[in-house]
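Let's start with one chain on its own, the form predicted alone, as C-alpha cells.
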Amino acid sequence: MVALQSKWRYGFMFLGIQLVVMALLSREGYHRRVTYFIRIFRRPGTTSLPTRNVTTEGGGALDVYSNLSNLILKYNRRDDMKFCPKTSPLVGGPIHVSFPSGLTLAQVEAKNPLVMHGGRYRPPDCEARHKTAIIIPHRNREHHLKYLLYYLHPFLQRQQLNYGIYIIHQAGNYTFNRAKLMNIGFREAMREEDWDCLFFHDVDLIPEDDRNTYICDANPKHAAIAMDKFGYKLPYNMYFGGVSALSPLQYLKMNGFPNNYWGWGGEDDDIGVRVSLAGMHISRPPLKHGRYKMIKHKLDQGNDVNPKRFNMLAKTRQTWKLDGMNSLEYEVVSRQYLPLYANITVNIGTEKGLKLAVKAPPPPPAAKDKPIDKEAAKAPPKP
C-alpha cells in the first residue's frame, strides 16, 4: 500500500514538472528565453532592431515596418490624387513591441525616409482623409522618445494619415506641468496647420495595435484604455490618461486642460471631469485595439507627486471655466524643425506666475547713505 502511494506521489510530481516546463516554453515566456540566449551569442557592440513579432491574442503580430518599404517605390505625389481608402490597406492589427538596446535617432530616421523635417508626413500615393497632430509633453526623456518615434512614425503611416509630431519641451528645472505643456502644444500646432484632430501622447507609451486609429471621434477619445501596467484593463471608468484625442472644437469647448497641476497626478482626472462638464462623454476604442506597452522607468526628478491634487479635483466644477486655454501664459524659447519631429522649448513659469521662472540678476549694491554737509553743499566748487 505504501509503495502504491509513493508511485502516485511521484506520478503527480512528474506531471507537475511537465506542466511547468510547458508553461515556460509557451508564448511570451518562450520568446523571452529565446531572446536571452540570442543575446548571449550576439557579438558585443551590435544592435538589432526588432524585426520579428510574438503571438498576441492567438494571432501573429506583424512588424510595424512591414509593407511600408513599398511606399518609397510608389512616391508620386500630385495635386489631383484620389483620397485614400476609408480603411487603410496597410493596417495589420497587433504590433510586436520590444526595446532593443543601442537604438539611435539616426536609425529611426533611416527607417522613415518619407518623413519630412519637423516630423511631417503625407501618404505618397493618395490624399489623406485625416490630418492629425501628435502632442508630446517632454523633459529629459530622450531615451524614451527614440523608442516612441521608432514605433509611432510607421504606426501612423500604416493608417495613411497626414500627420505631424510636436515635442513640447519644458525649459528649466521647475516642477513638471504636463497638462500646461499640452495646452501649449495645442496652440502652437494649430498656428501651423488646421489640424482635424490632436492626440495628446505620453512619451513612454507605445501602441500595440494599428487598428487603434489616430483620428478623432464625435466625442473626446481616450485611446490608451488597455496598458500593460494595468493588466491591459481600464483602471476606472473616468480614467483619461496616457493617450487621448480631441478635435479643436472639443478642446475649446472644455477650455482645454488645466494649467495649475504641478507635479505628478490629478490632471488626467480633471480632464475627464471637464469632458462631462462640457456636455460631452468619453469615447473609447475596443479593448483589444487600445493596447499600449509602457517603457518602465522611475518617477522623474522634478515630477514629484502633487500633494494638492485631490483638493484641486474637488474644485474642478468651479475652476474649469477659469483655468485653461483662456488663462494660458508661456513664452517660446526656441523652435527646432528636426528630421523626426518639431521641438518647441517653452518657459511655462512657476506656480507664482510666468515672470518668476527666469531668475533675474541681483540688483547692484546700493551706495551707503552719508550725512549731508549743508555748508559744503553751498560752497562753490574748487577750481
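Note that the coordinates shown come from a computational prediction; the quantities given were computed from them, not determined experimentally. Start at 1 and count along the sequence shown; that's the residue number.
Quick note: we don't show the form predicted in complex with a small molecule, though the next part is all about it.
Taking a 4.5 Å heavy atom cutoff to the small molecule in the predicted complex, the contact residue among H117, H281, K229, H143 is K229. Checked against the small molecule in the predicted complex, the residues D269, D125, E188, D217 give one hit for a heavy atom within 4.5 Å, which is D269. Among heavy atoms of Y239, some come within 4.5 Å of the small molecule in the predicted complex.
When contacts are judged by a 4.5 Å heavy atom cut-off, F99 does not count as touching the small molecule in the predicted complex. Residue contact with the small molecule in the predicted complex: L313 places a heavy atom within 4.5 Å of it.
At a distance threshold of 4.5 angstroms between non-hydrogen atoms, G265 is in contact with the small molecule in the predicted complex.
Comparing 88 to 96, 251 to 259, 230 to 238, 192 to 200 against the small molecule in the predicted complex, the single stretch with non-hydrogen atoms within 4.5 angstroms of it is 230 to 238.
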